[in-house]
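One chain comes next, on its own, written as structure tokens: the form predicted alone.
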Amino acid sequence: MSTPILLPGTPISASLLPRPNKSGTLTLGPGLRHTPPQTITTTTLGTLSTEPRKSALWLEDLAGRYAPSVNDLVIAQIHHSSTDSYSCTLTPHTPFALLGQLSFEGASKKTRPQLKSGDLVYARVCQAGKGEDVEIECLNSATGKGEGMGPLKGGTTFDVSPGFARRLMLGRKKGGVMLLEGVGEKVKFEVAIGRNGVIWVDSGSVRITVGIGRLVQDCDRGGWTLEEQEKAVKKAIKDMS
């Protein structure tokens, strides 16, 4: 069954909404707007996606452009810095995101990371409201822990569509993508997946790193089935050996 394409300003039918969580709320992602009391409308052209277990819904942009949303994990590149913050690039078409110079686990004025233009960080979007600057942070502000976020050293980045990046995050069962899990059974590597369509891979070997990145990009472009992915993974592992 195909997912209908929704035009900007289209009200979302109640029959399409996931069940609210225990507190009676839904989590709205990119491309949707809530108008009290109960109206949810689209803000861009796209297809509706839902995650029932998290009582969440969002719109996949057909243009393939990433729109920052709170709690998204992203890979950002430092563009320039000021006294208090770094201005970071998320995509070529979005405004700079601001990253506080102390928004890292255990950071102080003396211990904060010294980042320069071109450096990469794995971060979470903490502010992305309409009319507001997009802000990101490299720690869980509630616990002060990095939880895997922070500067990314070494490795190589690869661009994919934002929709495919989300599928990678969801894995085989929910996202229908098993590439990273499959390769990881035979090859050691580190990976960070950005909802903004950027993937960072580091295996310690340029050949293996590039092989993994190209495998992911080919799947994104080719729309491989799970069976096609499994065949491609077997061939890629053989080529990496």
Partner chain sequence: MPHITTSALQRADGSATFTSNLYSILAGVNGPVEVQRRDELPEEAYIEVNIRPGSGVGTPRERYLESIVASVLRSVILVHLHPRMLIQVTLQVLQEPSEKLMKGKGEVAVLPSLLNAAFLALVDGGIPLETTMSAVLVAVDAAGGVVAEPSIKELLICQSVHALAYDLQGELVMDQSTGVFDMGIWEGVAEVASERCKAAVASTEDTDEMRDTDESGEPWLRTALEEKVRAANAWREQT
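These numbers were taken from a predicted model, which means no experiment stands behind them. Here the rigid core means the biggest group of C-alpha atoms that line up within 1.5 Å when the two forms are laid on top of each other. Positions refer to the first chain, counted from 1.
Here the subject shifts to the form predicted together with the partner chain, a form of this protein not shown in this document.
Asks: Heavy atoms within 4.5 Å of the partner chain in the model of the complex: does residue 94 have any?
Replies: Residue 94: contacts the partner chain in the model of the complex.
Asks: Test of understanding: in the model of the complex, would residue 25 fall inside 4.5 Å of the partner chain by heavy atoms?
Replies: Result no; residue 25 lies far from the partner chain in the model of the complex.
Asks: Looking in the model of the complex, any heavy atom of residue 226 within 4.5 Å of the partner chain?
Replies: Yes, residue 226 lies within 4.5 Å of the partner chain in the model of the complex.
Asks: Can residue 130 be called a contact residue for the partner chain in the model of the complex at 4.5 Å between heavy atoms?
Replies: Yes.
Asks: Just one of 140 to 148, 80 to 88, 105 to 113, 166 to 174 has heavy atoms within 4.5 Å of the partner chain in the model of the complex; which?
Replies: Careful reading of the contacts points to 166 to 174.
Asks: Exactly one residue in 69, 47, 205, 50 has a non-hydrogen atom within 4.5 Å of the partner chain in the model of the complex; which is it?
Replies: The residue in contact is 47.
Asks: Are all three residues 7, 60 and 221 in contact with the partner chain in the model of the complex, where contact means a non-hydrogen atom within 4.5 Å?
Replies: Every residue of the spot touches the partner chain in the model of the complex.
Asks: Which residues, if any, of 100 to 120 lie within 4.5 Å of the partner chain in the model of the complex when only heavy atoms count?
Replies: Going through 100 to 120 in order - heavy atoms within 4.5 Å of the partner chain in the model of the complex - there are no hits.
Asks: Examine residue 11 after superposing the rigid core and state whether its CA is displaced by 2 Å or more between this form and the one not shown.
Replies: Indeed, residue 11 is displaced by 2 Å or more.
Asks: Superposed on the rigid core, does the Cα of residue 205 end up 2 angstroms or more away between this form and the one not shown?
Replies: No; that C-alpha moves by less than 2 Å between this form and the one not shown.
Asks: Please check if residue 70 moves between this form and the one not shown, taking a CA shift of 2 Å or more relative to the superposed core as movement.
Replies: Residue 70 C-alpha, core-superposed: shift of less than 2 Å.
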